[in-house]
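First comes one chain, alone, set out as structure tokens in the form predicted alone.
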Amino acid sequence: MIKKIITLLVLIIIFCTACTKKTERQVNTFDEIIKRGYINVGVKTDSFPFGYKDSKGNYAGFDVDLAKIIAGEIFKDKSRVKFVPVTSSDRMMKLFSEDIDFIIATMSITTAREQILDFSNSYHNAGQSILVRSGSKIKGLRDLNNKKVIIVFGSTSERSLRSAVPSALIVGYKNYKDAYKALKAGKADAIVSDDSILLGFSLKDSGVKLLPKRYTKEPYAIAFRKGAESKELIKIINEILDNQRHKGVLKNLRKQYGIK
């Protein structure tokens, strides 16, 4: 609890400091991007098939491709994007500290997040689900009573799990790679997270299985610093998303990465 309070206070201080700077220089993020000549985007490296590193060490995944599409629409050159690795726990901090222009990293729109962030239109709908080891007797949420269940810090999973299964023994990890290793090592009975992320583990490893039921609706969207500085950028990116959706590009991307 103390750790969460400290983290929240740090985020508030960074956010307030950033707001003061913006007021002083009246920032327009889109103008700054155009002057710079490329976009800085926060993406994950542990969330196959949305954000990961391929065998050659290159950034890959649905979110990465989406960032390239946005760069291509803005600059007519998909290579004009610099990727910054983020995790569920540090992505907002990197946004507020202006290391990145926006986040494309399996981030769900929530009421709490909307208090401190602005979002684009949703580009994918995920849902909370359960990943277990193959052979596990766990079939659904009820079976998680008094079981050790892994969540990743900074995700929406902990709140959902505490509400649905108060008796679950929650174990937190900083990233999905460590969470997956812990499950495989038998340090917990299940992982609860977005189906889109857990799907990646089940596609690569027959030693784990993703249970079929989805317990929530998690609309993924691009996240921006809140306020006037992001207004023009959000408008442009929403137009890009709508255009790519109508052209079937987002649907084809989902099909390419096996995302349902």
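Bear in mind the structure is a predicted one, so any value in this text is a computation, not a measurement. Numbering starts at 1 and follows the sequence shown.
Keep in mind the form predicted in complex with a small molecule is missing from the figure; the text below concerns it.
Remark: of stretches 108 to 116, 72 to 80, 183 to 191, 137 to 145, the one touching the small molecule in the predicted complex is 108 to 116 (heavy atom within 4.5 Å). The small molecule in the predicted complex comes within 4.5 Å of no heavy atom belonging to Phe224. The closest heavy atom approach of Tyr220 to the small molecule in the predicted complex falls within 4.5 Å. Proximity of Gly154 to the small molecule in the predicted complex falls within the 4.5 Å heavy atom cutoff. Although the partner is absent here, Ser129 sits far enough away that none of its heavy atoms falls within 4.5 Å of the small molecule in the predicted complex.
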